[in-house]
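In the block that follows, a single chain appears as structure tokens, in the form predicted on its own.
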Amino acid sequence: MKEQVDAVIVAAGSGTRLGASVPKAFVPLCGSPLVSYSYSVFRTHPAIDNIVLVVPQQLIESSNEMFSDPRTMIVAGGKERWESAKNGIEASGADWVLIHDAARPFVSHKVIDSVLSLISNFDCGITATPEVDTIRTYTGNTAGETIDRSKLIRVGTPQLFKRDLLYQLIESAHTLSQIPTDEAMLFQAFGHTIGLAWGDPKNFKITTPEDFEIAEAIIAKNSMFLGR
């Protein structure tokens, strides 16, 4: 029997650094809300059973209209990222969940396939790309030592989790001295091994107005969304 896989797209962030009048995931990118790009990719992937879209409370009604689909559930986010993720997985009854950041519009079926290939060997897996820049430490305005970039990766999303185990760990997160900033770190904090799948550098995270300009240029150059 096929195990069920749901996608949880976290789209509840404020996007303060963008200076936009709407939450970041709903800022228009080439005429469509940012979140709609990754949503379309997950919706058309044959291995994804349902999609849980986690949005700000004030956008629940408009999101239900915008993403009207029998396989899509809209839930409200929380004040913190982990609360939004928890609300998303609570709405899912799947065996596995893929948690994705709506600020990464250029996810593709190939990237999804890559992380799903970890299911047989891990309870948790991340997508990542190699670090290509020279990385240094620093103090104030003084450059420090160069770090060996061959040992570094850039972590992205989607990230894969055994749904029930993730829920248990989130419920136990209060026992940690510090709540991890993402769900994979939570798994690692409780001693679980994290599987690694290679992603795509184009699946970058939009954070600043300059990132939006790059994303618009990518879409314009290719005349259609690259993930399809």
Ligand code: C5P
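What you are looking at is a predicted structure, and each value in this text was computed from that prediction instead of being measured. Start at 1 with the first residue shown and count on from there.
Just so it is clear, the following notes concern the form predicted together with cytidine-5'-monophosphate (C5P), a form of the same protein that is not shown.
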> Looking in the model of the complex, any heavy atom of residue 123 within 4.5 Å of cytidine-5'-monophosphate (C5P)?
Replying inline: no
> Do residue 84 and cytidine-5'-monophosphate (C5P) come within 4.5 Å of each other in the model of the complex, heavy atoms counted?
Replying inline: yes
> Is there a non-hydrogen atom of residue 151 within 4.5 angstroms of a non-hydrogen atom of cytidine-5'-monophosphate (C5P) in the model of the complex?
Replying inline: no
> Is residue 133 close enough to cytidine-5'-monophosphate (C5P) in the model of the complex to count, meaning some heavy atom within 4.5 Å?
Replying inline: no
> Just one of 124 to 132, 111 to 119, 94 to 102, 137 to 145 has heavy atoms within 4.5 Å of cytidine-5'-monophosphate (C5P) in the model of the complex; which?
Replying inline: 94 to 102
> Can you tell me which residues in 165 to 193 come within 4.5 angstroms of cytidine-5'-monophosphate (C5P) in the model of the complex, by heavy atoms?
Replying inline: none
